[in-house]
Structure formats: C-alpha cells, structure tokens
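One chain is shown next in structure tokens, namely the form predicted alone.
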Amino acid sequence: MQRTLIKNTINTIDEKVRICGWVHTKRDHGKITFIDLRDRSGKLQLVAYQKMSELHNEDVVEVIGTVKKRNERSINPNLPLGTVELDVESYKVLASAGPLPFDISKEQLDLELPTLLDHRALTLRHPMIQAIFKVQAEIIDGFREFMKNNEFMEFQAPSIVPAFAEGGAEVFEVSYFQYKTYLTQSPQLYKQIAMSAFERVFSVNKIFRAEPSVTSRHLTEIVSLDAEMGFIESWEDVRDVSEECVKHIFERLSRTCAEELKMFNATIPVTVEKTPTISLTEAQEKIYQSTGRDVRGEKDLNPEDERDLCEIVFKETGSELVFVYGYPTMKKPFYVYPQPDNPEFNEGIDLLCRGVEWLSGGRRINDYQQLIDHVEKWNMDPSKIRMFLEAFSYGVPPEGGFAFGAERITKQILGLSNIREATMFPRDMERVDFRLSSIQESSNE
C-alpha cells in the first residue's frame, strides 16, 4: 500500500491508508491509547485498541488504519486535522528512539540557548524550531523568485579566495596546498566580474567573518543573498530594486507562512509606498534631536543608533524600513563609488528594519583607472585581485548591487532573541556543532 501523507488524510475519510512518521505524544488510557503521529506535512491523532502503549516519543512507525471523522466532543478546531483521526489496525516500528534528554512534545521548548544548540539533532524536530527554518527557506526562495522574475542569473561564487574584498583583518586564513588563501567575506568581487559578462546576476552564498565577537546579532558563517546589476543611472536604482525585492519577500511570507508567523505572534514589517531614505548626516541629526545623544560626525551607525533611528522613522512615517546613504568613503571598501560632488562621502546604502541593518549595497566604481587609484590608496596588492581588475580593464557599465543577511531577516521578522536561533547549525567563536570548550575538555581528559 502506498504511503499517504498525514495532511492528505482529510481527503480519505472512511478509507484505509498507510501513514509513517514519528510518535509526537502518547496518552495511555489502559484499554485505549491515543498517539499524535507527526510527519513532514502535519500531525494526526491515532486511536489504538491494541498494544501501542509500548511506544516511546520519537519512535518511527508505520501505521495502517481507517480514517474516521471525530465525534463532535473530540473535535479540535485549533488543529488543521482536528476533525479526523485514524483507527489503527496494525503498526510496525521502523526505528526506536532512545531516552530523550528533555520533553520534545511540549508546545514550546523552554531551554537555554546552549542546551537548544547542544541537542540540535533533536530540537530540529520541534514544530516551532522547524517553523523558523520554513520561514527562512521562504525568505531565500522569495529572493530567488524576485531575482529570476527580473532577469537576474544565478551563479555560485567560490568560498576560497586569494584576497578579501571588504578589507580589514577579520578573515580566516586557509592553507591551500603550499599557498596562503582565505575564506571569503563576501562574493562581492566575483559578482562584479559575473555582472560584467551577464549584466544581472545573483547568488546565495555562505560567507565567513572572523569577528572576535559573541553577540546576539553576529555569526561566523552567514547566508548572504547577493545581487549585482549593470547599466544603472545612480545608487537610487540599487535602492529601488532592493526595496522591491524585500517587499516581494514580505508578500511571499504573508502568503506561504501564515501559520509559522502565528506560532511566534510575528508580523510582517510595516512598509509604506516609498521607503524613507535619509543621509547618514541627517540620521545622526535626527538621533541627536530625539534622544540628546550626540553621534554627529561618527563614521557609521552603532547598534543603539540603528534602534533609535528605526523608532524615530516609524513614528514620523509609519515605515519599519529606512534606507541610510552617504557614508565616509575611506570607511568603506575600495570599490564603493564616491559622490562626484563630495568625494569624501560615497554612494553606499544600508537598509535598516526593526533596529537592525538588513542590507548593505550601493553604486560601485566602474572606471578602471579609478579602481586602480583606490587600490593604491587602500594599500592593496593589485596582483591578489588581478582577475577582478582585468574585467574592468575591458569595459564595465555603471553598476551596483546589494546583499541581505538571511539569518538577520529571519531573526527580526520572528522576533528571536539571538541570531543563532535563526541558524540551523550555527558557527561562532564558541561553537562548531559542539561547544568548543567541551571539545577541548574532552581532549584533555
């Protein structure tokens, strides 16, 4: 008999079916046992008048039985399949579960973050944890969908690179045969090369940041959603496309993840027809006027600035999104385009939402000689980015692009307290699957 997914049993009333899944909960009432069985599509109540009381939570079973309507007193209107149940005729244990370190069947996992991550192989089975990554999958799919609908071509950038695009020293060095290379901080240079051939490109890439930081908003390994496009008129074109993209993602989440959002009492960020756009200088002045904190003249917004600015803009405009542009040129990577009338500031942009930066992007330098001048000014080795410079020596149109962080978007939309919750297998200074301190302790025993 072919397997029936649990979600489809609603269409098979009074029919015999074969379902498979995990024992989510068990309620033993002596002569009768009730079991909630879970598969990838949902949960269904089983009614057994035989010895299913021997089963344990998370045992994997195959069950054959007849789908029945529940009587009116036992209908659960809060469940998608709360009007039906399965009368069990036979079952087979496919795999037995060992003793669980905690009760996975609770509606919410009341666990400290380290415990949640230490037992990731088990906690990933919990419906609320699964909901996080269903939302994240839809964010990534929404990004891809928007890009393809707008004639961007997907490509895959390498993770091992001869130089780092963002500057600074926060990179992981890799021993590559007898050579020194690095894990990429960004696919930036490669997406610009690809753009010079295909005009519109995007990628979904893992990137790596060796930031000596353990905060609720930083990770070592990140999923970056990158796009680059040629023949732009100004940085405003980049802003407009990124705005359309994020609104498309919001629309998709509203349509595909209503149940998952409800589980977290989460809402889609409020947008307006045209997202507010202000310069860094204006943003700092708003913060000063509203809070009295004087950050005017600082080179960037710190986390407190981002939170304050989002609150100010929301009160003024009703938008939970705000673009900030015009950062000091020397504080950004060498490829960011300086403002022609004020080259001390560039045409870079950030998108903030709910107090956190979601996106960074802007217009790039497309003139070969200007790039060479910046490479010298930034004290870079041109031989390390030879392929990148070669592309621009053969002619590249005015261009720009942007990048989102998939985990940050997930965290902010769902209201998670720590970005590690939005990462299926987080990497940071203290963890590579396991807490590194526990690995070290084990090796010293």
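As the structure is a computational prediction, the values presented were derived from the model and not from experiment. In case it trips you up, residue 1 is the first one in the sequence shown, and so on.
The form predicted together with a further copy of the same chain is left out here; the points below concern that form.
J.: Only one of 354-362, 330-338, 305-313, 127-135 gets a heavy atom within 4.5 Å of a further copy of the same chain in the model of the complex; which is it?
T.: Result of the contact check: 127-135.
J.: Would you please decide whether Glu285 lies within 4.5 angstroms of a further copy of the same chain in the model of the complex, comparing each non-hydrogen atom pair?
T.: Judged by the heavy-atom cut-off of 4.5 Å, Glu285 is well away from a further copy of the same chain in the model of the complex.
J.: Does a further copy of the same chain come within 4.5 Å of any heavy atom of His24 in the model of the complex?
T.: Answer no; every heavy atom of His24 is more than 4.5 Å from a further copy of the same chain in the model of the complex.
J.: Considering only heavy atoms, tell me if Glu199 and a further copy of the same chain come within 4.5 Å of each other in the model of the complex.
T.: Although a further copy of the same chain is absent here, Glu199 would touch it in the model of the complex, with heavy atoms inside 4.5 Å.
J.: Considering only heavy atoms, tell me if Glu58 and a further copy of the same chain come within 4.5 Å of each other in the model of the complex.
T.: Close contact exists here: in the model of the complex, Glu58 approaches a further copy of the same chain to within 4.5 Å, heavy atoms only.
J.: Find the only residue in Pro343, Gly318, Pro158, Pro114 having a heavy atom within 4.5 Å of a further copy of the same chain in the model of the complex.
T.: Exactly one residue meets the criterion: Pro158.
J.: Could you check which residue among His248, His374, Arg144, Arg217 gets a heavy atom within 4.5 Å of a further copy of the same chain in the model of the complex?
T.: Looking at the other structure, the residue within range turns out to be Arg144.
J.: Going by heavy atoms, what in 375-413 lies within 4.5 angstroms of a further copy of the same chain in the model of the complex?
T.: Those in contact are Ser383, Arg386, Met387, Glu390, Ala391, Ser393, Tyr394, Gly395, Val396, Pro397, Pro398.
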